[in-house]
Structure formats: C-alpha cells, structure tokens
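To begin, one chain is listed below as structure tokens, in the form predicted alone.
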C-alpha cells in the first residue's frame, strides 16, 4: 500500500513531471549557440541567490549509478561533461566517464527523437568540433561539480526530444542484463515492462542517518534477494511505477509537511488524500489554544459523523537511513476523521493545570519531546535537540508522534526516563507534568482517575504525599518572606522524596513547626491557612497504610502529579477568604 500511495502522490501532486528526472545542484553552465559554438571561452557560474555558497538546483535527466560509469543526458558532473578531473579522481576513469557522456550525446543526436532536434544537433556538433578542449577551466572547479549545457540560453535537457530518447535509454539500462521482461506490476496491477532496479534515488540530505543517496526498494546484493538473486526479479515493478515511487518519495520528504528534529534519527512526512482544508498535525505541533478548543468541541458536541464516508484519508511515513538504504520506521494510513479523534484524545490526556494563571493547559508535541532532555538551570531552558549532553532519548519525537496519531500508550521507558530527569534536574514544570499525566493515561484502559486539576478525592497515597511536600515547601518560602535561602527544603529533599517520601515528609513536618511559628508572627492568617491545608492533606493519607517508604514508578508519577497540582492550586485558586493574600510563593523548581 505504501508504494501505491507514493505513486498516487506523484500522479496527483507532481502533474506531468518528466519521467526519470530528478533535482540536482549545478555550479556551472556551458552556453552554446545553435551551431554548437561556445558563446564564451569560459563556463558561466550558477549561484543560488538565497545561499551564495551553493549552486542552482535544476531538474535534469538522471538515473541511479553506483560504482559503474553511467552518463546522464546533457547535464552531469564536470568529469562527464568536460573530462575535468581533480586530485580525488583517476585520469583513466575520468576519460572513461567523458567518453560515455560524448557517446550518449551522439546517440541522442542520431536517434529517431533527436535527429530533427536542433538542440541535440548543436550539442553533438560541439563535441565533434573538439571545442571542449579549448575551454578555460575555472580554478575552483572540481570533478563532481555539476555542469549543465545550454543552447540559446535554455538547458539542452529541456528539449522536446529528451523525454522520448531518455525514456528509451533508461528502459534499456534498467531492464536487466538479460534484456527487457514483462510481467504483472505489484503496484499498478497491470501487465507492463518491469525494471531490474528502481531508476531513481532519494537525496541523502532528506533521510536522517543516510550517508549517501538512498533507495526505498533495492536488491543489489544476493544476500538481500529471494533465492540469493539480485535485482527486482521477485519484486515486479514496472518502469512507470518505479520512477513514480522515487519522485513521489522525494516530493513527500521535501514537502512542508515534513518534520526531522535535529538529533532525532528519523524524518516524518504526511499528506492527505481528498479535499482537506485544515491540517490536524499542525494543531498537534503548535497546540494553539483556539484550535485545540475547536478540535475538542467537535468531540464533546458529537458533531462528528459516527460512520463517516471513507473519502478523506491521512497518510504518514517515518523513515531513517542506513548508509544507502531507507528504513521505514512507521507507515500510517487511516481515515481523516479517525486521526482527528486520536489527536483530540491526545490533548484531553495531557491536559494539565498550569502552575501559574498565565500558563497553558495544552502543549505542543515538540515541547513535550523537548522536556525529556536535560534542564539547563543556569540558562532557564532545556537543552536543544541534538546538542552534546542533551540526555534525551534519540527517538523520543517519533515515539510521541506515533502514539498521538494511533492513540496508543506511551512506551514505559519514556516515563522512567522522564522521572529520572526530573530527579536529576530538580525541575518540574507544566510540560513535564503534562507528559507525566499523558504517560499514565494515554491509550490505556484503567479504572484509576488522573484529573488534569487538583483531585482531593484521589485514593492514591503517593498523590497526597506529593501534595504535602508542595505545601511544606510553600510554608518555608512564606516564612522566609521571599528572602533567598542557600538551600531550601525542596533543594534538599525533592529528588529523594520522589522515590521515598516518608523521610522527607517526616523531616518537613518537624521543621514546619518552626516555619509556622515565624510565619504566625508576621502573617497569622496565612499560617492558619497552611495549618488547615496541611492537616487536610495528611488526613487523606489512609490510616494504617501510612506514608510509602519506597515507591514504584507509577507511584513516583503520582507523587509528582500531586506536587504539581498542589502548586497550581495554590497559584490559581486562592478562594479561601480567611487566608492571607497569596504570596505568589515560588518553589525551588519554578
């Protein structure tokens, strides 16, 4: 189905693209007149206006070549077009490449398609005249620099006769050593001439992890083929589909609907089939509050058709590279309406009360992935993707994206890693709390209730232990009247309390008497408020079970959620009229 969708994408998005053509960067242009005479004794430089150190990208005839000599038509490396080598090439091979290019030009000019084409005749006349040897070579030219031949100002490869000639040439090259063969194409299900190798490749820059240009379908070694054979003998693909697979894949991976975060080992691209006005993936990655509200309202109001027609389809492809091969890490095809439901569930499951009134209740997917990295307290931000020491799972982004699109659980390793980072960093903020809740809820069937806001009715002891820890932290801060302490209660006990809250809470309760005594002298109302809150929270810890001395990973997550909720409740819901005004007490983790 993936190959069929790529062919369909090429047909619908690329229109009448020339067969067996691909984009390539060119640094130089050789200008000829219609008689095949050079317009100048030098090549004209081609410079990208946006990137002055790069050449111009043109779509030219091109097929895959590996170690063998294989010329492309009217536009190729300098070693092919003009026989110019450099210190990295061998003179004998450069001569072989140039001879192959000249032979191909002559073949084009004498073919049925090119015999009456003045452009083909002009290029052939140039080489027959020997004028190539008289051109002055720019010092900076290398053997791999692209050179395109132009006749009367237009690239020769755009001549009308090129498509017919080049299609015949590629068919002869890629039909296999035993000659052309016909059969049933597994992509289009038609009886057509079949390729021995796919004629196009995907540029390595589009596939993270690839060190060369890559191929999606390739059997170039016997160990990869059925019955120890090479070529696509047992994977029948016709020439039209083989070309469309490559061009469609390049277009998909280079489209605006493509994400490859730095430091992550894959690229994810997506597209829609049918008339689609919005882009739910953009909502997922931006979490604009208005768009999220609109998306969730469609779920709450039930405006979705329970059995919608299967017309609009969402497709997503995640790939990685291994030298010159493409690894398909994920392929998703589903009705668009199902995708919207899954994304709505994603936002519902990670909704979290913010620690401060101005905070957000939903967060972009990339931000959730970012929070799994190291917190740089001195810079007040997370380590960027791909930087040394980021301490982030190398595939966290595609893991979260896959869970969002499919509505599947977050891998358990993500929760373990996140809690480990919170302990190591001593930092818990809104996005990390949202990811904690997401890891506990998303895609799971459980009787437990994980509320986005403070849940005083929770029966989980670890949850209330986290709440108590947050209150003790706030009491010390309030007693200090904002003065900066060298080491706070949170600094000393936060990391340990996540796994063993008993010792931290016992010590905190003992110290709280002194903090309350100090606070009561300055703000008696606030001290009474904290007394009641602390008693209420400790009363919610079931009698007999006491405080947990060592907690499971699930309980650690509950402790952190209770801690975050209590902080958010203090900051956003100060409705107790008997309490002192909110001091806006920050904690060591803010």
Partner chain sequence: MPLAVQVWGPGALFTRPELKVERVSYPVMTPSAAVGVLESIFWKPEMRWRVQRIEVLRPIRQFTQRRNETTDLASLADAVSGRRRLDTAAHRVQRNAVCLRDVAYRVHAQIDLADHADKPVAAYRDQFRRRVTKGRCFTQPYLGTREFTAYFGEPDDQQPLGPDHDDDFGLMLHSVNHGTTPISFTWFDARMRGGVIEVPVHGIPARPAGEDAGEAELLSMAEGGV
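Positions refer to the first chain, counted from 1. Note that this is a predicted model, so its numbers are computed, not measured.
One more form of this protein should be noted, the form predicted in complex with its partner chain, which is absent from this view; the next part is about it.
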property: Output flag, 182, 221 and 327 jointly within 4.5 Å of its partner chain in the predicted complex, heavy atom basis; result: yes
property: Sole residue of 83, 480, 236, 426 within 4.5 Å of its partner chain in the predicted complex, by heavy atom; result: 236
property: Contact residue in the predicted complex, chosen from 200, 321, 508, 398 - any heavy atom within 4.5 Å of its partner chain; result: 321
property: Non-hydrogen atom contact residue 3 with its partner chain in the predicted complex at 4.5 angstroms; result: yes
property: In the predicted complex, residue 391 touching its partner chain (heavy atom, 4.5 Å); result: no
property: Non-hydrogen atom contact residue 502 with its partner chain in the predicted complex at 4.5 angstroms; result: no
property: Heavy atom of residue 124 within 4.5 Å of its partner chain in the predicted complex; result: no
property: Location of its partner chain contact in the predicted complex, chosen stretch of 135 to 143, 70 to 78, 330 to 338, 347 to 355 [non-hydrogen atom, 4.5 Å]; result: 330 to 338
